[in-house]
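One chain is shown next in structure tokens, namely the form predicted alone.
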Amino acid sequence: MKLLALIKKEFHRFFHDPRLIVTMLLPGIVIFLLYSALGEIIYTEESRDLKVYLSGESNVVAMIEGMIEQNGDKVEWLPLESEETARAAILDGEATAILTFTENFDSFGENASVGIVYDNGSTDGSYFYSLVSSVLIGVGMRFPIRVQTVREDTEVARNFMQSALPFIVICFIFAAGMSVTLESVAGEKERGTLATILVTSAKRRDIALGKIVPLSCISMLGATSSFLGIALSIPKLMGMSFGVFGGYSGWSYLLLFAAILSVVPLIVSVISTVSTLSRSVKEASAYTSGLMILVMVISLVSSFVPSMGNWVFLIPVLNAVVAMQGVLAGGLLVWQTLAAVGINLVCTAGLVFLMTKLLSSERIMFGK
């Protein structure tokens, strides 16, 4: 019962402070506006005239054409006679992409597949690839798309998402965690209210959980806000004014959300532990600001060091960043993401245990 009372107290403090609520909702709004604006900058054409080489037959073609027209664009289907000639035309800017369907594709047989060759250095090519991916996901396509590009990886929108988005999300989560945790732990310690709780019969473990559990739940509102900002802005960033997938499956969004949420209790636990060791909000803020810079550096490392290996999923925080980058790059890192979630939760449990020990120390809590 004492644990529930402590949790209720933290929720009461949060929901009666409009400033904290705005702090939690702001990340998603900023991400949505930023990515939507970036999409507007990248895709400045009023309408597109796409020329696509087509091989094979499928009802999906009519659906793709309908979606393109719904977006105010046009598409001209060209017969594919020579893939080499078609690739040259794409490189010269005379065509957009090559779309191929295997025989009897609509029956979704064992060997059914679809292939896309596009210019990843062209906004039209990136737009067409994302649109086709969204249509195939919408019709329940169960097979991987055979994707080839005619240039080296120069696709602006996806590269920006893959490298910058995890960094932005982690920074927002850390800032949100600081805004609700510093005052709750270091602030109460500085005012002496935490000492009052310590002299009661409440167990130190309950006090630690009574801080970390509600503060993590509150911070998850900010993480959810960030996720919604991502999900709603991705179609715009990929040059589409419709749909909610933007070339990603529901599983991709689920893994992305899991990776984001796994970091929240870990970061809150780190800030709570540092705040417990600090004597004032000012001191705790100085320490956590340094930690935030460290986390920012860690989040950026994976952007500049490709192919670090699976060992990276054993490193807290960095594992979630790499998982997010992998998902945004078009992969389904299921076991890697689950490993990241597990490692982060184990580290969170360890920090709860450490905070429990710190709360039991009179030297740390009362300066004796």
Partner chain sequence: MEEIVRAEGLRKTFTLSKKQQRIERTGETRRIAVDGLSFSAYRGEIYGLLGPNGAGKTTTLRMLATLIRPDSGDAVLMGHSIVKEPDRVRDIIGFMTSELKLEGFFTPDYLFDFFGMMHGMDKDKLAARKRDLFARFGIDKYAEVPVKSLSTGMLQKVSLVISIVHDPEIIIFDEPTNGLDVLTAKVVTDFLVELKGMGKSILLSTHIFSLVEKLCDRVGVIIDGKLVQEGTLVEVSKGDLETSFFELYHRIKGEIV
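This is a predicted model, so every value here is computed, not measured. Numbering follows the first chain given and starts at 1.
Below, we turn to the form predicted in complex with its partner chain, even though it does not appear here.
With the partner omitted here, the residue from G93, G290, P79, G192 that has a non-hydrogen atom within 4.5 angstroms of its partner chain in the predicted bound form is G192.
Just one of L261, V150, L254, I197 comes within 4.5 Å of its partner chain in the predicted bound form, counting any heavy atom, and that one is I197.
Contact check for A202: a non-hydrogen atom falls within 4.5 Å of its partner chain in the predicted bound form. At the 4.5 Å threshold, heavy atoms of I364 stay clear of its partner chain in the predicted bound form, well away from it. Residue contact check for E188: one or more of its heavy atoms lie within 4.5 Å of its partner chain in the predicted bound form.
Residue contact check for K357: none of its heavy atoms lie within 4.5 Å of its partner chain in the predicted bound form. Contact annotation: its partner chain lies within 4.5 Å of heavy atoms from the stretch 202-210 in the predicted bound form, the single such stretch among 70-78, 202-210, 124-132, 219-227.
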